[in-house]
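Just the one chain here, the form predicted on its own, laid out as structure tokens.
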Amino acid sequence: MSRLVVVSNRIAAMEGKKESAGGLAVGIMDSLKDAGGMWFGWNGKISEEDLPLEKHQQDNITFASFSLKQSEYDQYYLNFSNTVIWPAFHYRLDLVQYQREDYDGYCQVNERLAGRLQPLVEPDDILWIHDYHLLPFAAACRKLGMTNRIGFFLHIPFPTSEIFNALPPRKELLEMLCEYDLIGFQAETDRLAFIENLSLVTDVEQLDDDRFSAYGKSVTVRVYPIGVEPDSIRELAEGALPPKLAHLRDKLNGKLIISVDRLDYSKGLPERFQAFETLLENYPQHRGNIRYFQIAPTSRGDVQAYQDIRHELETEAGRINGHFSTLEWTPLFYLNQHYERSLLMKIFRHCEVGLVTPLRDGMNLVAKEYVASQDPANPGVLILSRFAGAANELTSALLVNPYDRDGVAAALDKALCMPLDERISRYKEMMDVITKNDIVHWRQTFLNDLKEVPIQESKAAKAS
């Protein structure tokens, strides 16, 4: 019986409580438990020695993790993944810092990881590769003669040709992606962008609705919007707030606006702060009656662009509070720290407005988690960027353009004043979608499709 082998940049060993783990980690973990298999990824350690893989067993899952050398971390992770692919795929070419040696290092690390994985894989194992760090991984596996079915899921957006054409190794990246049997995207716009980019660099033949031939390979390209676990989120949200937070909530007269993001320029945080400022300017009736909480823990703190945005947010928060605060009221709370997911779900439930306005996002699970955490009898209102993948599903949210501070401010005013019957109606419509397209549906659909997609002809020839 074939096993499932999951490969991702970071490995998420589930040694703690399930409620502390992210939704994606839980979803992948459950799929591994169902099929039995292995999770292969970086352990977060830097070492100049060629250390053996760290392995441990939990239930019927093998965790195999590796360390990186400093040069590998710099070129593969810090530079090419996070100062080329990440900004470009989020439509920020102004932040791209391309160096050929970083791209070479990126490919070399993918090849080294494929070589370390190969001895652990059985011929009938199914490989599921995750995200932008590993675009060349299937190509590296094929070079080694691996004939396994290999699927890839991209968690971030895939850019249109106007953006992607600016990347010097665009042709090489597209050709390597065609070594996958199945590629999954968050949204139809991402799938179409991939096909458009492919057709601009090589001849593409459409074999059926979502299967294409390019570079002598056949690849199936489909959309799999990732979901959450609504039942477990509801259970977490229904629990009591910790005493200190409950006391704080009781002291805060008025309505609460909540945003939770990684500290990242793609999330539109400065634009969001400015929209909140516009709300206070244009709708003065809310002054003293609302509070906005922005939770934004630091991520990739060794990248200059992330240091810059942290400084910008600290400056903006101080300026806004300095202008509007009174002795009794502070409008904006900016918290640059991490909170456990189990606590965040409880916080979501006690906030009247969820403000999720990324400039570009593959999906944004916070939007779905906010809705799933709400009290069905008295739900809050979700304000959502139309540039997040979640906007394709959560059409009953208040959809906004995050670049339009007046429009976002108007949406905040509408959300804060929305009557109960409309809030319930919008909540029910969104929960129907979230429940239907949960994370179990996402992983089962992808893996079932991967087992059924046609095997590439070149691969079949090798196998025979």
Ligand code: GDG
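The first residue of the shown sequence is 1; numbering continues from there. This is a predicted model, so every value here is computed, not measured.
Below, we turn to the form predicted together with this ligand, even though it does not appear here.
- Partner contact region in the predicted bound form: 256 to 264, out of 321 to 329, 208 to 216, 256 to 264, 280 to 288, criterion any non-hydrogen atom within 4.5 Å of this ligand.
- The closest non-hydrogen atom of Asp181 lies beyond 4.5 Å of this ligand in the predicted bound form.
- In the predicted bound form, this ligand sits within 4.5 Å of a heavy atom belonging to Gly362.
- Taking non-hydrogen atoms only, Ile226 approaches this ligand to within 4.5 angstroms in the predicted bound form.
- This ligand is not drawn, but in the predicted bound form it has no heavy atom within 4.5 Å of Lys346.
- For the options Arg341, Arg310, His350, Lys171, the residue carrying a heavy atom within 4.5 angstroms of this ligand in the predicted bound form is Arg341.
- Here is the short version: of Cys107, Ala237, Ile156, Ala391, the single residue with a heavy atom within 4.5 Å of this ligand in the predicted bound form is Ile156.
- The candidate site formed by Val7, Asp30 and Thr147 is entirely out of contact with this ligand in the predicted bound form, as no residue has a non-hydrogen atom within 4.5 angstroms of it.
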